[in-house]
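Shown next as structure tokens: one chain only, the form predicted on its own.
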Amino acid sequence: MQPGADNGGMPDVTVVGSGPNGMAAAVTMARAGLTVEVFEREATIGGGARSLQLTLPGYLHDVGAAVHPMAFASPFFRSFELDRRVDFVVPEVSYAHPIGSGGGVAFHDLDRTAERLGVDGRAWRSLLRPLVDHIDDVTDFTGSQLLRIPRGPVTAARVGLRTIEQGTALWNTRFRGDFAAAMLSGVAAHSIGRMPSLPSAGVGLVLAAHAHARGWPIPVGGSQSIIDAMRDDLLAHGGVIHTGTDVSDVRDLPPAAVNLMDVAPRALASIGAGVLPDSYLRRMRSFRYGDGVAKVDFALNGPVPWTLPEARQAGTLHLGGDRAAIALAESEVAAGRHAADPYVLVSQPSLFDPSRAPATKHSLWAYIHVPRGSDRDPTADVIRMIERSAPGFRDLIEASTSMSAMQLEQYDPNLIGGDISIGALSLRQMVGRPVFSTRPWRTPRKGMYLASSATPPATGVHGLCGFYAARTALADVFNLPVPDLGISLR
């Protein structure tokens, strides 16, 4: 099909959903010279990367993701030159993991981290140095579907061997103390699932390597600034965005050669029920979702008084105790029970970005792991877990707002039961996500592509799921190459 042909005012491409993946798909198509229209059910665009005033006036909170390990590593964002479009701050401390009166600290500098770990410093360095030094090969191997030959086979083998070590009963053979093991478990818990397991170990190793390679950047002005940069580029290339438009049937969209769907498989099965074959619909309906999260945002009268000094300069904190405690909490959640001492992920962007709160004030972002579909208010549990490592935190709270796992789904129907990954990160679904295919973004309907985190490389703000879906559609339907995405064309 020739792009830009006279279609009676109809677009070449429609995109459903304006999260990072939907916007990445839209930008890619518009840059290729195609007419693109984006449809978003909410009044504002952004999906899991929105930023809003959730507590009090003047306090800016990220609704979903707050810290972005893939912002400087994603091949899409690097081609898009995101770091030239958005101001980022890279904290000197990527993450901290308080335990009792001490804890582990992951500095951006790997050697400094190893020195602080003492008895486990050499083990930490040997585990991560080969991955940090070849981070682009790590990203290539883990940043697409696994059913292919990696660009750096030696690095891929290193990732694989380390994943087997940390994802099986061997996971305690490397470290002698508590801090290094807890630090790795803290990043592995981002996968939201039982530990040890191969998927959680893979996630933990990759995130830990990024922490020491390019760091874990925080966008100035909130995660919304990433979406706004893509919005601006899309509009500059003729794209159109429709907000407040809930698409319940793909046939309600304007006729287009390509439909790119940034939605969960369950939503795809509903929207595409009239056009997709029954066998594919059954696969979408049987897609497995992971455990849930519940979220709390705080407006604070000052910085959090962490007892671990370095935590006061950390962009991210992992709370939950040592490795055994985190594993127990995750197993409880996986069994459908609320953990007595749950894993809590905390971000404190106002330390680095004064736009997040009024002068001398702070905003704090936190989520807690809960059973999928939980309707329990997480506020008390989050405050209790923070108080363990920051006595006096409670006295700083000026306001808070929370969303249970079920409220997250009500806010965004793609977050089934509070599953922010849009699909369990099981070994089967890491290889076949959502189906076993070398082009899992294609659906059986010509011109329709799934472009959400239910496709490779899965969860995270990286835009790659949408970019890969768009790249596939460009070749399949339009016989076009991937366009230049850089600022030079603006």
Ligand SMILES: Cc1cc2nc3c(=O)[nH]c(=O)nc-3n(C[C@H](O)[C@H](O)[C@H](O)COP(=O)(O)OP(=O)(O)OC[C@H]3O[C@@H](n4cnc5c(N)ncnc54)[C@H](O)[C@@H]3O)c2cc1C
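It should be emphasised that the depicted structure is a prediction, and the values quoted were computed from it without experimental measurement. Residue positions are given as counts along the sequence shown, with the first one as 1.
Keep in mind the form predicted in complex with this ligand is missing from the figure; the text below concerns it.
Only one of 55, 51, 35, 459 gets a heavy atom within 4.5 Å of this ligand in the model of the complex. Which one? Checked against the cut-off, the match is 459.
Pick from 395, 246, 377, 83: which residue has any heavy atom within 4.5 angstroms of this ligand in the model of the complex? Among 395, 246, 377, 83, a heavy atom within 4.5 Å of this ligand in the model of the complex occurs only for 246.
Just to confirm the contact call: exactly one of 26 to 34, 436 to 444, 64 to 72, 423 to 431 touches this ligand in the model of the complex at a 4.5 Å heavy atom cutoff, so which is it? Contact-bearing stretch, as computed: 64 to 72.
Quick check: do 17, 41 and 271 each get a heavy atom within 4.5 Å of this ligand in the model of the complex? Looking in the model of the complex, the three residues 17, 41 and 271 all sit within 4.5 Å of this ligand (heavy atoms).
When the contact criterion is heavy atoms within 4.5 Å, does residue 365 count as touching this ligand in the model of the complex? Because a heavy atom of residue 365 falls inside 4.5 Å of this ligand in the model of the complex, the answer is yes.
Residue 97 versus this ligand, in the model of the complex: is there a non-hydrogen atom within 4.5 Å? It does not: once this ligand is placed as it appears in the model of the complex, residue 97 has no heavy atom within 4.5 Å of it.
State yes or no: in the model of the complex, is some non-hydrogen atom of residue 415 no more than 4.5 angstroms from a non-hydrogen atom of this ligand? Residue 415 belongs to the contact set for this ligand.
Residue-level contact is defined here as any heavy atom of the residue lying within 4.5 Å of this ligand in the model of the complex; does residue 408 satisfy this criterion? Residue 408: yes, in contact with this ligand in the model of the complex.
Which residues in 256 to 272 have a heavy atom within 4.5 Å of this ligand in the model of the complex? If the 4.5 Å heavy-atom criterion is applied to this ligand in the model of the complex, 256 to 272 yields 262, 263, 271.
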